[in-house]
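As structure tokens, one chain now follows by itself in the form predicted on its own.
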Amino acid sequence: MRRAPLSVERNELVHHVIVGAGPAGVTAAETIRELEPEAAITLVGDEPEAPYSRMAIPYLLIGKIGEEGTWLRKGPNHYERLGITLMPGRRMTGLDPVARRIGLEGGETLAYDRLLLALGARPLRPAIEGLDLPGVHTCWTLADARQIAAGAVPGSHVVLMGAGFVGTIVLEALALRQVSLTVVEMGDRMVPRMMDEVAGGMLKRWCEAKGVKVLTGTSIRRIAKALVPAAEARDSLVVELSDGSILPAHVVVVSAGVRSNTESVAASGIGLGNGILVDDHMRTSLPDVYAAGDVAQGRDFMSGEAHVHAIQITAAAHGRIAAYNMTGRDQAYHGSLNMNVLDTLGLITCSFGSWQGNGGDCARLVDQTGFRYLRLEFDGTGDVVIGAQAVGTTDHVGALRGLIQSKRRLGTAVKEQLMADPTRFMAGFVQTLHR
């Protein structure tokens, strides 16, 4: 039955409307409740599920948790107890900043006093023939996970398109399901936006040693149904690669990057770039409209430029800062630090800040046999660490992040120590604390 259009009116209380029930939206709603006990808060989500973490989906696929384990808040009646009105399964269709209303599917409208757009991102679907066939899935939602789990059974052939950050997380989940897994990455290495050639090469060799076939510098040309009798077919799909070779597949998982969800606000006049442009208070160009999370394009900690950082820790920080400013408590955001940490079949890899460098000195330690690598990048002006990569190193890696975020000058002596032996970064970090 089609729902009748609903119009929710503002009353004398300030009405905070948050569109997006991911980490940014949930954190914002909870923070507003802390700051304004009497305010009206409505949290709108476009999926029929309880608010959940996408980063928990791989753990669901390997059976470490059930679906409830993906929920962002696991207490009974959490949102009801906080007086937060949860509206699941409602997709935003438009924004009228003059009338101060948003439109929702089905003709519903919702009035706001303060609006937070935590619209998130969606997976890219390249223009490849056959991407709409049964058995081809993205791995972004709980619905996706259910379909993948049904098809990716032990012994089945699975092709994973993309070995970026998200793709490599999915890779581990698929491999642990004991499938025959082939990864197809068009870049020259795995996780090219996180790792250089040395680190990406190490990760590839590690995965191959664990039984995963990894094809870099390769793309998928098309996907088609297998032309064999159904009674004889173990695999339902064939995947044609850029080199002309063919892979059989029961399941194809597409992980080709993400894009911020800005379509529903494009006609509102809001400032857009790769996402919704925000200032250091998470304000957009429209009055009383804020943005946070994977849709927000805001300050990068290292460069000061506006970037979209689609990581959960940034989303939660955005949500908290937005909440403070939505409630009239001035709080500035100092920027998101680009950082990624992966645990891939037992190999830890991480990168922080400007890991590619900017023309300054670079300290490296390479142990190909032991799968260990450490790279420190210094600013072109001298003795400030601006970026780092590590493979196979788990001790004190948080100090790498701290060293970069501090932007401290190390001094000539400490820098020379790190250039000779970058594993001494912890000692260098401690020394700077006492300056």
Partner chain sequence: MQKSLLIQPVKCTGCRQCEMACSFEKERSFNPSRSRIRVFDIHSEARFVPYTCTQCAQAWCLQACPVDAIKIDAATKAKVVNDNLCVGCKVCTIACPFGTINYVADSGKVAKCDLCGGDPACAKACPTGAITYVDAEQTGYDKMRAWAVKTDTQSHTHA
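Quick caveat, the model's predicted, so the values are computed rather than measured. Positions refer to the first chain, counted from 1.
Omitted here: the form predicted in complex with its partner chain. The next part is about that form.
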Region of this chain that lies against its partner chain in the predicted bound form, out of 123-131, 361-369, 345-353, 247-255 [heavy atom, 4.5 Å]:
345-353
Is it true that R73, N340 and A427, all three, sit within 4.5 Å of its partner chain in the predicted bound form, judged by heavy atoms?
yes
With a 4.5 Å heavy atom cut-off, would you call Y112 a contact of its partner chain in the predicted bound form?
no
Heavy atoms within 4.5 Å of its partner chain in the predicted bound form: does Q331 have any?
yes
Does A317 make contact with its partner chain in the predicted bound form, using a 4.5 Å heavy atom cut-off?
yes
Applying a 4.5 Å heavy atom distance criterion, does I313 contact its partner chain in the predicted bound form?
yes
What residues of 403-418, in sequence order, lie within 4.5 Å of its partner chain in the predicted bound form by heavy atom?
Q405, S406, R408, Q417
